[in-house]
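Below you'll find only one chain, the form predicted on its own, shown as structure tokens.
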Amino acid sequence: MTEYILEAYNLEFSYLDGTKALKGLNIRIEKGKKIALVGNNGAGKTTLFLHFNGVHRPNKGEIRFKGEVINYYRKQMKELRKSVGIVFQDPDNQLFSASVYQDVSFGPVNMGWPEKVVREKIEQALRKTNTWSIKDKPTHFLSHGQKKRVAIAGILAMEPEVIILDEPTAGLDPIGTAQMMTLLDEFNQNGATVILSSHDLDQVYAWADIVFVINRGKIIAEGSPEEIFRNEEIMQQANLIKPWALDIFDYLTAKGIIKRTGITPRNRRELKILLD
């Protein structure tokens, strides 16, 4: 039986300026999966994420975490924000302490854990994100990639069950992007449900288990990467472009240059293997 860790039903939300960001949105996030949310700018991705850990409260509809309706009581909010961590697109919006170590310590300290446990969680998070060597460095001296890793470490130190990342590879070079995606794979392999939004559809296609397409405040499609990115109607409706690996593979099979074997390549390496 499928277990859903986060759910939203008939979600509606408007900003103070009257912008209606979510319009009867429905979504169910399967536990333990790698989830990608794609859509153009202004589609509602970030707004939805901010509902998942209680930053925004819907005008209508409900959020459920592990089957329990979120009622926004203080105790419930504390538990939700411990369990569902968000890493924002711009790490400067998330880092505020003088040093890396102090910034990462903020969450664990506020969890009320014993000092020894706090220190252990901080060190584990810094080592997992490869930022232990810069733990004493002022945050304003970090590179963009380092800031993103430190922001992730701050969330990871609280051991959330769900990690949400808004455009985690934005501003990173190709090597930094590959390292980031490997890090997210490791989180998932350790049991976390990982949700991200991205405009890099090639990365999404190679990485995700399930893809959701959001357009004008509603989820308009969900499925495997192959199902979503082969759906021309959905791609056109959401102003998305077919990932290159899938596009080339479908072209080559249509021309009879390679045969369909039941295996669809998700990245450059897999496509090369098929061609060989």
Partner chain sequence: MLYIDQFVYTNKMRFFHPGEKLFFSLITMIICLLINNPFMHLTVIGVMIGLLVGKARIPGYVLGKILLVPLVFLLLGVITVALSWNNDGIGMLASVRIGDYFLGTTKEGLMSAGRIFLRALSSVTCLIFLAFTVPMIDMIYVLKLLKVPSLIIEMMLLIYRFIFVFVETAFHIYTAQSSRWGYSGFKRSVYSFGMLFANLWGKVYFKTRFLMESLLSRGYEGEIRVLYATPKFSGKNIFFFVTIDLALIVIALALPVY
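Positions refer to the first chain, counted from 1. Note that the coordinates shown come from a computational prediction; the quantities given were computed from them, not determined experimentally.
Just so you know, the form predicted in complex with its partner chain exists too; it's not on screen, but the next bit is about it.
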* Is every one of Phe187, Ala245 and Thr264 within 4.5 Å of its partner chain in the model of the complex, counting heavy atoms? -> no
* Structure fact -> The stretch from 62 to 70, 213 to 221, 49 to 57, 234 to 242 that lies within 4.5 Å of its partner chain in the model of the complex, judged by heavy atoms, is 49 to 57
* **Proximity to its partner chain in the model of the complex, single hit among Met158, Ala206, Met180, Ile163 (heavy atom within 4.5 Å)** => Met158
* Asked: in the model of the complex, does Lys121 have a heavy atom within 4.5 Å of its partner chain?
  -> no
* Asked: Should Arg127 be counted as a contact of its partner chain in the model of the complex, where contact means heavy atoms within 4.5 Å?
  -> no
* To do: Spell out, yes or no, whether the shortest heavy atom distance between Gly191 and its partner chain in the model of the complex is within 4.5 Å.
  => no
* Asked: Is there a non-hydrogen atom of Asp173 within 4.5 angstroms of a non-hydrogen atom of its partner chain in the model of the complex?
  -> no
* Asked: Which residues, if any, of 106 to 121 lie within 4.5 Å of its partner chain in the model of the complex when only heavy atoms count?
  -> Phe106, Gly107, Val109, Asn110, Met111, Glu115, Val118, Arg119
